[in-house]
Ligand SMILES: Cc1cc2nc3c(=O)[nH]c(=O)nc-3n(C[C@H](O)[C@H](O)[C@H](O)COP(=O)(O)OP(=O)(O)OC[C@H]3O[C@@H](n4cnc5c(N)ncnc54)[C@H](O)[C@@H]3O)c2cc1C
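Shown next as structure tokens: one chain only, the form predicted alone.
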């Protein structure tokens, strides 16, 4: 075998797995299809504080720190939430990915850029990854493959496994000249007219720079994201005033897998990490932190597998589901419920949030963008207390409970 571990994809999950595997003494190779790591940029770059506390992240990657959020309803409702401490950091994704890759190389991993993996097959007691680099075919053998290809992994198909996925389609512009309400508060805009099946956002970067984007669920519309993003910038009654005269610095687009982590995240000789395993929060589309956690767990499982423990692959799935699987399930449930609510119902919920200080406090104290299920019990308890005197809340709760039953059944 050429390597013990072959990691396909140099995103945060793949690179974290490669670094952790190398530190365990495994001969590790990273295959990256693009010529340069970190480009094109793949997401908004909002990274929970947990990642900075748990991983030795490289310095100089933070663009902005955020501790609040502003929610705008489809019909004009507005709610402002603020936590007592920093919730997340906006990072320079190019630099973040590049610096993270450097730590893997320093740990001993090898890197091959411009190498597109096209297939994988079982050979003897290992795996062979085949592909193309600079117009020439290659084939490299390893004991185990960590698939971190991203939202649309191809390698499982080579082994005869078709992954069931449901995607939302995203588009984002990084702009200059935006006016934001608060530099530490991402602005989230809901409504089927501008972001069917998801939401739009203005992510402040400091000064007049921001990342403006949205996702749409193709289940609910045949229009492409650019149709909605241009409408959002030029026609949204609130956002258009903040985005008037902006200059677009660069654009990015991509697919985000949501509601799709029910299939196993392992196959013979292969582990799936990050977007490839649909380890994504369906409410927000975020997944960098979970991908990094999964990368560490995958490296641990790979070390056991190389030593002959075939049960390590199944244990990998058990480990990540134990660590953050509840969040994948919970956010998928909430996304399914939200998509069943009308614009009027969403607006009423946001308006209620703006009026009920106790409800806002429950979200501000227990809210966590990484572990969103922590708000469930506090919010429900407070909602039940005030539901007896607020008919609108009782109505909204009944709609949520009805949606829960529909999804559960």
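Positions refer to the first chain, counted from 1. Keep in mind the model is a prediction, meaning the values are calculated, not measured.
Just so it is clear, the following notes concern the form predicted in complex with the ligand, a form of the same protein that is not shown.
The three residues 55, 143 and 301 each lack any heavy atom within 4.5 Å of the ligand in the predicted bound form.
Among heavy atoms of residue 256, some come within 4.5 Å of the ligand in the predicted bound form. In the predicted bound form, the ligand sits within 4.5 Å of a heavy atom of residue 44. Of the heavy atoms in residue 295, none are within 4.5 Å of the ligand in the predicted bound form.
Taking the partner from the other structure, the ligand in the predicted bound form has a heavy atom within 4.5 Å of a heavy atom of residue 287. Segments offered: 146-154, 243-251, 230-238, 317-325. Contacting the ligand in the predicted bound form at heavy atom distances within 4.5 Å is 146-154.
Interface residue among 99, 93, 335, 83, judged by heavy atoms within 4.5 Å of the ligand in the predicted bound form: 93. The listed set 178, 120, 291, 200 contains one residue whose heavy atoms approach the ligand in the predicted bound form to within 4.5 Å, identified as 291. Residues of 97-117 placing a heavy atom within 4.5 Å of the ligand in the predicted bound form, in sequence order: 115, 116, 117.
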